[in-house]
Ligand code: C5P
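One chain follows as structure tokens, the form predicted on its own.
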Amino acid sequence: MQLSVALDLPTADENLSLATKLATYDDLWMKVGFRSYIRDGRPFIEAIKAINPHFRIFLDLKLYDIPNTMADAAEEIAAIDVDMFNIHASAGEIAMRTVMARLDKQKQRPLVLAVTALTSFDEEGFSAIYGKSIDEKAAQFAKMSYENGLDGVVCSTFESRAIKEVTSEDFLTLCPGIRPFGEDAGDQQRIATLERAKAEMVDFPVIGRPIYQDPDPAKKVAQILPLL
């Protein structure tokens, strides 16, 4: 497993301060989401890389639009030199193929993941929109993503193993909602410990609040890394 730290603090300065506290860890992924990227843009990503050029960037924008517009956006994201980004699986197969065809023309491309079911959903809320259970639809979305050339999916820990069973053990799963030592769930519905994430073959556990709300984030990361 490779740890992804969510930079979800209210300001760029706070997020960069967190990254600075973690600068001695070369193998971390830094997750940059909607709020940070809309507010702080490309200079924010460049500032993270300046803190430690070994940090890898996961740009968590969850693209969802018509296929050509998604491909245009994917091309621009690749030009920013991020290492991974995501789209919504429910954008469909044509969108997936269009995005990947555009990126595959490049000498080097970022990893592309598809969001299956947001971890804020419970079963009732999810089925009201998608008409199926989370497990059933997540597996269907994952298989579609795999067959159309994506590198993996964003899912909850509880779907990770089943997704690999219908795709491949090498098909990546990135899982938000990880509470390494049983911390409070916050706004997530389907959370898991690191122990459970490892058992479910998660590739990228995403951890935010348990790290950045800790008085000593570097110490918390030091406690987490041996468990991966």
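Residue numbers here begin at 1 and follow the sequence given. Everything quoted here is computed from the prediction, not taken from an experiment.
The same protein also exists as the form predicted in complex with this ligand; that form is not shown, yet it is the one meant from here on.
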Task: Output flag, 111, 152 and 203 jointly within 4.5 Å of this ligand in the predicted complex, heavy atom basis - done: no
Open item on the list: I'd like to know if residue 145 sits close to this ligand in the predicted complex, meaning any non-hydrogen atom pair within 4.5 angstroms.
Closed with: no
Open item on the list: Under a 4.5 Å heavy atom criterion, is residue 119 part of the interface with this ligand in the predicted complex?
Closed with: yes
Open item on the list: Just checking whether residue 19 would be counted as a contact of this ligand in the predicted complex - the rule being heavy atoms within 4.5 angstroms.
Closed with: no
TODO: Although this ligand is absent from this view, report whether residue 221 comes within 4.5 Å of it in the predicted complex, heavy atoms only.
DONE: no
Open item on the list: Quick check for you: of 194 to 202, 172 to 180, 64 to 72, 40 to 48, which stretch puts a non-hydrogen atom within 4.5 Å of this ligand in the predicted complex?
Closed with: 172 to 180
TODO: Counting only non-hydrogen atoms and a 4.5 Å cut-off, give the residues of 197 to 224 close to this ligand in the predicted complex.
DONE: 206, 207, 208, 209, 210, 212
